[in-house]
Ligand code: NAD
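Below sits a lone chain in structure tokens, taken as the form predicted alone.
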Amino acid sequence: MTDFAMMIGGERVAAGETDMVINPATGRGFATAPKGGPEHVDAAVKAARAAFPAWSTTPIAKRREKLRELAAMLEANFSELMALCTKETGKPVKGYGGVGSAMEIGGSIAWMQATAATELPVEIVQDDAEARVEVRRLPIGVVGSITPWNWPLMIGVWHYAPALLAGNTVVAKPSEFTPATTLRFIELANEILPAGVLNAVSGGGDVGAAIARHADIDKLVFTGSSPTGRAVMAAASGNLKRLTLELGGNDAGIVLPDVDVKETAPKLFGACFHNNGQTCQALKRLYVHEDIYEALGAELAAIAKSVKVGDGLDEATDLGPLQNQKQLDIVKRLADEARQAGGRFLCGGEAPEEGGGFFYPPTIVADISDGARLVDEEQFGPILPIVKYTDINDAMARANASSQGLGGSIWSADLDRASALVGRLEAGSVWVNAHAAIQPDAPMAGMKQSGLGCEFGHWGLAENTNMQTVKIVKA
């Protein structure tokens, strides 16, 4: 049993109580993490505030170098962090389509390196005999980070790297379900960064609430559900914190009748079921033209029946368990309601009765439509509704009839037609013949109730700064 610690001001810190970290493949604990409280948040904020003056005035070239050192540290500790990630999230080491814990650590390295290379130069508005007008970017101060359990390290890096490069200091709270990888990473990072620059406080909702409302935290980055995001936004209003919110999504994909079913089905399956569907930008509603509806459903079901579901530490495993019992129960309820509503289960639909762990087979439900909870709500699990459509305008209207707008996709052999259609999707990120294909130099943002602000590239880096306009009068 490994005991992890919080990191505050460069020191390992324990708490009076601990939380057990559960391996979702077995349902048993394998590590403990401190159950911090608001007093630990206060201490971490004080440490971050004390470290801010020196870090914010450190030349950006030096901060870039520190980020590159963090990327090298991730590479050097790849195996340890990958195993921790699999044990606490359940995701396979490799996974279907190569989406697993190895990809999470590798993606964290890539994002750290790409962020280190991102530029945010001074913009010149005017420079003539009368005056020079510049737009500069300054560090904000102390940034609070609250991360979810589905991609704990990679989403953490998405938060920490641009904040640090911009000259801010950070107080991080990992999910109480998956604190281990993050706490270990931040412990290792403190061997590279000055004390107080990157702090970690583990614990439950009271820690998150303390971060959201803390008067000495200047900006908050949160990734999680839309309801929690609204609560975070309300709590953060006390001192008008800057906010970046990446919230839930119920992403729709629309499949046109001209696709090659056998060629497209594996891509769709990966887009829907990678990480067991536990990704905000996973494809969660599939609208399929009536001409290929049965053929595509059958092909997806055949793939689902062929994949190996099991312990993620087995490199042959394609899909692991759900991360926690609560999420498994949500998937079970949605499946039961879909069955009662007349949904036709092409595969899956029943959790195993023996073996332990939070397992559920990849499940595909046909003959279901909008109005059913499985279609209207984000299931965040390995269960996919496929909805038949006849008219493309009707399919577009259905896809957009959601309070969320994170991602969306069009699948077609006609790229010109697909490109025209994809612009009609009310989503912050859209794809043609792909889904959730994100990259560190392209911004990710949500529409409607899927978020506020953006991440990645120079757009995301700018969100970690205050804008300052400087006018130098020459004459």
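The first residue of the shown sequence is 1; numbering continues from there. Please read these numbers as outputs of a predicted model, since none were measured by experiment.
Not on display, but discussed next: the form predicted together with ligand NAD.
Within 4.5 Å of ligand NAD in the model of the complex, a heavy atom is found for every one of Pro148, Phe222 and Lys284.
Although the partner is absent here, Gly381 lies well away from ligand NAD in the model of the complex, with no heavy atom inside 4.5 Å. Of the heavy atoms in Asp311, none are within 4.5 Å of ligand NAD in the model of the complex. Interface residue remark: Leu406 is counted as part of the site for ligand NAD in the model of the complex, having a heavy atom within 4.5 Å. Taking the partner from the other structure, ligand NAD in the model of the complex has no heavy atom within 4.5 Å of any heavy atom of Gly356. Comment: ligand NAD is not present in this chain, but in the model of the complex one of Thr228, Thr118, Thr317, Asn168 has a heavy atom within 4.5 Å of it, namely Thr228. Distance criterion of 4.5 Å from any heavy atom to ligand NAD in the model of the complex singles out Val232 from the list Ala265, Ile368, Val232, Leu81.
Note on the interface: of 347 to 355, 207 to 215, 285 to 293, 383 to 391, the segment with non-hydrogen atoms within 4.5 angstroms of ligand NAD in the model of the complex is 207 to 215. Along 157 to 185, residues Lys173, Pro174, Ser175, Glu176 each place a heavy atom within 4.5 Å of ligand NAD in the model of the complex.
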